[in-house]
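Consider the single chain below, provided in structure tokens and representing the form predicted on its own.
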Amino acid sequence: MEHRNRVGTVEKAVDVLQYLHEAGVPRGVTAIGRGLGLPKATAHRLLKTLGRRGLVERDDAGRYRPGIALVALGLGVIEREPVVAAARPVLEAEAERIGETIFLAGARGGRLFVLDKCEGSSFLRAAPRIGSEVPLHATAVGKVYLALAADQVQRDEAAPAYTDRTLLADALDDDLARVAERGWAQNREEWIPGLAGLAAPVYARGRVVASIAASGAAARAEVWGPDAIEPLIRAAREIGARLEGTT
């Protein structure tokens, strides 16, 4: 019984951290308890424990947000990712070259996460943040995995339409067939209005280990056309070569 109670407490604490991460803004104890279906006293006890470890912290209004210790833990995980270390200088060079945000995404546990990103000089700072999960069907990096490494991800047949341009069902299948044929993917406002992008797979030893993407304002059509993909493909190949130690 004691073991089950301890596991339940850990799960609730993780739920609190996930809730604060997804909220994006500080939340009070009452809001956290209500959002997770927890008694206020339970939420307060969990927050107090997490606070002692630096996993949550309070703002001037007494509301809670993710703490600096989470940043340290997250950076520790990222720094141990070989593909992140191999990709970092390439991401920086690409971001400087085109002035847009460059992402590195990878599959973990059947889902897709942002492993690293570099901001360009463009006024638009493309979401999401490092460590965030991204949808498979509505992003260029996601479509790279669905088309070229489907065994590494879990496709959601009931995936939502984020915008009126989101491809679903047969339309998505047709697009994935094009991605498989040409070896790269495109996204035009399918996830976030006003945001477009291109993505190419990173291969190492014959397997997709990540996807590199450029994202920015959809209005800059010249950045997101077929002519723009070749430098990104070269960047992906360079990352793969660095991973394999052949560059």
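The structure presented is a predicted model; accordingly, all values stated were derived computationally and were not measured. Whichever C-alpha set is largest while still superposing within 1.5 Å between the two forms counts as the rigid core. Residue numbers here begin at 1 and follow the sequence given.
Here the subject shifts to the form predicted together with the DNA, a form of this protein not shown in this document.
_Partner-contacting position among G35, G194, G28, G51 - heavy atom within 4.5 Å of the DNA in the predicted bound form_ = Contact check passes for G28.
*May I ask you to choose, among R207, R220, R182, H44, the residue with a heavy atom within 4.5 Å of the DNA in the predicted bound form?*
The residue in contact is H44.
_Non-hydrogen atom within 4.5 angstroms of the DNA in the predicted bound form for each of R108, P128 and Y162_ = No, the whole trio is out of contact, none within 4.5 Å by any heavy atom.
*Looking in the predicted bound form, any heavy atom of G8 within 4.5 Å of the DNA?*
Yes - in the predicted bound form, heavy atoms of G8 and the DNA come within 4.5 Å of each other.
*How about Y64: is it within 4.5 Å of the DNA in the predicted bound form, going by heavy atoms?*
Y64 belongs to the contact set for the DNA.
*asked:* Check K40 for me: does it contact the DNA in the predicted bound form (non-hydrogen atoms, 4.5 angstroms)?
replied: K40 belongs to the contact set for the DNA.
*R178: heavy atom within 4.5 Å of the DNA in the predicted bound form?*
Looking in the predicted bound form, residue contacts with the DNA do not include R178, since no heavy atom lies within 4.5 Å.
*Which of 212-220, 199-207, 56-64, 183-191 sits within 4.5 Å of the DNA in the predicted bound form, heavy atom basis*: Of the options, only 56-64 has residues within 4.5 Å of the partner.
_Is_shifted V14 between the shown form and the other one (CA, 2 Å cut-off, rigid core)_ = Yes; that C-alpha moves by at least 2 Å between the shown form and the other one.
*On a core-based superposition, does L198 travel 2 Å or more at its Cα between the shown form and the other one?*
No, because once the rigid core is superposed, the C-alpha of L198 moves less than 2 Å between the shown form and the other one.
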